[in-house]
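Shown here is one chain on its own, the form predicted on its own, set out as structure tokens.
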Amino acid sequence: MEILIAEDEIQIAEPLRKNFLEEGHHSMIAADGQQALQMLEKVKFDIILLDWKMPKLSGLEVCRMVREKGDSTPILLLTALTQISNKVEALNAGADDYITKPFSFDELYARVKAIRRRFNIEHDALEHDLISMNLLDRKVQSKNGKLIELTEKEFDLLKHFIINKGIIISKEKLCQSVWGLNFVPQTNVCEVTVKNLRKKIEEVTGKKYVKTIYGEGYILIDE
């Protein structure tokens, strides 16, 4: 992801930039709201982190201006304000989420990924690490552009895994959600489809994303 961190406190912004870099994402820092708007005119970001109280223009003002331009890039507001009315104001201004300082990077990163997943679903796409899915033409490819040829059920299975990333999904739940069955068939169709999906993804990406949790089900992970 390409991330804009609009935060005037360098002791907050710089650690965030380094943490995102460790997760494989590139970040740019804006020291005030005006600089943030200038950077948004030049760079297409995947998500925008805005500190509520910044010099020149506040994060809330930047958020409103971005939305008035018709830009739908996900926005997460960072603030020390804790009242419910502040959160309502942030969401009404067009923010996708709101996190109160102090916060851990793990919590922030989880929210960032959740926002991106919602955004991708709304825009007919899903992503997981090196994999991207186009939900309109039902094509899956790695980030280097190599196609991953999937059957219809393998595609539906991967979609379900990405939407529920990090959650253990039972065989019963997969049969219900992917095959539309209210029971587990006597055949091993579920296991075979998961095995084939796992193999095809690994052949293209070199990574094992789908993990079997014996006695519980399956889970999609960041390898």
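Each residue number is its position in the shown sequence, starting from 1. Throughout, rigid core stands for the largest set of C-alpha atoms superposing within 1.5 Å between the two forms. A quick note: this is a predicted structure, and the numbers were derived from the prediction, not measured.
Keep in mind that the form predicted in complex with the DNA is missing from the display, and what follows is about it.
J.: Can all three of 134, 142 and 209 be found with a heavy atom no more than 4.5 Å from the DNA in the predicted complex?
T.: No, the candidate spot makes no contact with the DNA.
J.: Go through 165, 195, 64, 53 and name the one with a heavy atom inside 4.5 Å of the DNA in the predicted complex.
T.: For this set of options, the contacting one is 195.
J.: By the heavy atom within 4.5 Å rule, which residue out of 101, 153, 111, 117 makes contact with the DNA in the predicted complex?
T.: Selected option: 153.
J.: Check residue 189 for me: does it contact the DNA in the predicted complex (non-hydrogen atoms, 4.5 angstroms)?
T.: Contact with the DNA, yes.
J.: Should residue 2 be counted as a contact of the DNA in the predicted complex, where contact means heavy atoms within 4.5 Å?
T.: Contact check for residue 2: no, nothing within 4.5 Å of the DNA in the predicted complex.
J.: Classify residue 222 as contacting or not contacting the DNA in the predicted complex by the rule of any non-hydrogen atom within 4.5 angstroms, answering yes or no.
T.: Contact check for residue 222: no, nothing within 4.5 Å of the DNA in the predicted complex.
J.: Answer with yes or no whether residue 213 is in contact with the DNA in the predicted complex, where contact means some heavy atom within 4.5 Å.
T.: Although the DNA is absent here, residue 213 would touch it in the predicted complex, with heavy atoms inside 4.5 Å.
J.: Partner absent here, but in the predicted complex, which of 53-61, 180-188, 66-74, 35-43 has residues with a heavy atom within 4.5 Å of the DNA?
T.: Of the options given, it is 180-188.
J.: For the heavy atom contacts within 4.5 Å of the DNA in the predicted complex, list the residues of 46-60 involved, in sequence order.
T.: Heavy-atom contacts to the DNA in the predicted complex: nothing from 46-60.
J.: My question is whether residue 16 is one of the residues whose C-alpha shifts by 2 Å or more between this form and the one not shown, given a fit on the rigid core.
T.: Superposed on the core, residue 16 moves its C-alpha less than 2 Å between this form and the one not shown.
J.: Verify the C-alpha shift of residue 148 between this form and the one not shown: is it 2 Å or more after superposing the core?
T.: For residue 148, whose C-alpha is compared between this form and the one not shown after core superposition, the shift is 2 Å or more.
J.: Superposing on the rigid core, do we see a C-alpha displacement of 2 Å or more at residue 189 between this form and the one not shown?
T.: The answer is yes, as the C-alpha of residue 189 shifts between this form and the one not shown by 2 Å or more after core alignment.
J.: Please say whether the CA atoms of residue 73 and residue 148 come closer or move farther apart in the predicted complex, knowing the change relative to this form is 3 Å or more.
T.: Compared with this form, residue 73 and residue 148 lie closer in the predicted complex.
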